[in-house]
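Single chain ahead, written as C-alpha cells, the form predicted on its own.
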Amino acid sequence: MAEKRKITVAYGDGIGPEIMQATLHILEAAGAAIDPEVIEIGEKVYRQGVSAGIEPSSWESLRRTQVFLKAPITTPQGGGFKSLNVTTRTTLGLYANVRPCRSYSPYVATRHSALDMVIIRENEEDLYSGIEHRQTEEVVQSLKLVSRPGSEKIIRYAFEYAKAYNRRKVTCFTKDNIMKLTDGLFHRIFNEVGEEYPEIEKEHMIIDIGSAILADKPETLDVVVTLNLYGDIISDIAAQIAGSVGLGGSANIGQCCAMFEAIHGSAPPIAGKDIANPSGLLNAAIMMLVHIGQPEVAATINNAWLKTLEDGIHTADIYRVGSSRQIVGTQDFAKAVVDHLGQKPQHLKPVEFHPVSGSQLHKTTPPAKSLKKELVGVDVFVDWNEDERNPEVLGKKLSAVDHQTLTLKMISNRGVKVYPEGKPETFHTDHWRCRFVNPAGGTVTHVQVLDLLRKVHEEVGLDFIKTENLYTFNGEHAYSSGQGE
C-alpha cells in the first residue's frame, strides 16, 4: 500500500463542513492515499480577533504538507477583515489559479455542449494587491500593480500547461487599449513568451470582447491566460454557462505549495440543510490527487462522478424534471459517487490523467535586462476644493511657484486634462494631478523634487497627498499622458 501523503484540510464555514465531509468520504472509499491534518480557518478565527482568518500556528501545517484542501469560508462584514484566499495565495506564492471548465450536456443543462476550456489566472498581483487609500474627501484610489516577473511566471505556466495537457491554443485577455502600461506589459510579455512555443496557437483579445466571445462561443477558446481581476470574473462566467458554478473546482499552484478549493462561496442560507452540491470541492480534490501523484485514483473518482451525473442522480441545483432521475442531498450524492466507483460514463467522455510534476510547469524566468532609468519629472497630487474648483485658478497658483528646474506642464482631474486649455464641460472633483517637468527636457534630481514639494506647501499652501515620479527607461516614457494632453 502506498505511503499516505499528508495534506492540510480546512472544513470552513456555511456549507463547508458538509461538502468537505462528502468529499473526504469519496476520497477514502476510492483509496486515496492521504493523511489529513485539520486546521481551523474562517469566521470563527476572524471573530477571535485574527484579521487574516487563519491562526499563526496553522501556517506550520501548510508549510509542512505543502498541500491545502480548503472548503469555503465566510468573511465577516465590515472593515478590518482581509480575504483569507488572497492572504493564502500571496503568502505561499500560489501564483497560478487554474480553473477547468467543461459542459456535461445533456445531463447538466447548458447552451454550450462543446465547452471545454481552462482559465489560468494570475493570482498575486493586479488590483487584488489590495493597496487602497482615501486621498481626499471625495476620492479613493486602488493601485493596480503588474510586474514583469509575475507576468512571465503565469504566462509561461499557461503555455507549459497547454503543452503538458495537449491543448491547442492559448488566448490572452487584457485591456491594454486603455491601460497601456500595466495591461500593455502583460500583452507584450505574452507575445515574447509565446514565440518560445511555435507549436501552440496564440491569440490576444481585449477583455470586453473576449468575455462576449466566452459567453457566446466558448468552444472557440481552449486555454485562457489573464490578469487577476479579469480571471476572477470570467472564470465564474465560464463555470455558470457550463452548467453551474457549483460544479467548478480550482487549483492555486505555486513552486512549493498548492491550494485546492471550490470556486463558489460558503452559502450560509443553505448551510446545515444537506442540499449543497459537493461537486465543486470534489473536482478540486481530483485536481489535488493529480498534483500529488495519484492520477489513477483521480480518474477513478472523476469517472464515477460522471457516471453519477449520467444516471440522473442530481442535487437540487442541477436537478431538472424530465431529465434528472433522482434528487438527492449532499451526503446521498457522495454515496452515489461511491457506488459508481470503478464504472465509467457511457456517453460523456471518460477521463484519464497522467502525472504532471510541478517542475514540468514551473519554468525559470530569465532575469530582466538592465535598463537606463532617468527621473524627468513628478506628478504632484493635491487636495484642493476652493474657488469653485476652477482649474485656471489652481494652474496660475502652481505656475507661479518659483523653481529653477521644475515647472507646471498640465493639471488633470480623474485623468482628464483640465489645465491649460481645459473644457468647461469637464466634471471636477477635489483630487488634482499636477505634472511638473524640466522645461529644458533634461533630467531632475530627488532633491529638486523635494524642494518643489516644499515650495508647493509653503508658497501656495496646498496639501499634496501623493507624488509619483516620472521616469524614462532607455529614453521611453514610463508614465501615461493625461486624456487630452
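Source: prediction; values computed, not measured. Note that residue numbering begins at 1 and tracks the sequence as displayed.
Heads up, the form predicted together with a small molecule isn't pictured, but that's what we're talking about next.
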Original post:
Which of Gly329, Pro149, Pro268, Pro295 has a heavy atom within 4.5 Å of the small molecule in the predicted bound form?
Top reply: Pro268
Original post:
Though the small molecule is not shown, can you say which of His112, His340, Lys175, His264 has a heavy atom within 4.5 Å of it in the predicted bound form?
Top reply: His264
Original post:
Quick check: do Ile15, Lys70 and Thr74 each get a heavy atom within 4.5 Å of the small molecule in the predicted bound form?
Top reply: yes
**OP:** Determine whether any heavy atom of Ala284 comes within 4.5 Å of a heavy atom of the small molecule in the predicted bound form, and answer yes or no.
**Re:** no
Original post:
How about Ala276: is it within 4.5 Å of the small molecule in the predicted bound form, going by heavy atoms?
Top reply: yes
**OP:** Could you confirm whether Gly246 comes within 4.5 Å of the small molecule in the predicted bound form, counting heavy atoms only?
**Re:** yes
**OP:** Using a 4.5 Å heavy atom cut-off, state whether Asn413 contacts the small molecule in the predicted bound form.
**Re:** no
Subject >> Location of the small molecule contact in the predicted bound form, chosen stretch of 112-120, 197-205, 153-161, 276-284 [non-hydrogen atom, 4.5 Å] >> reply: 276-284
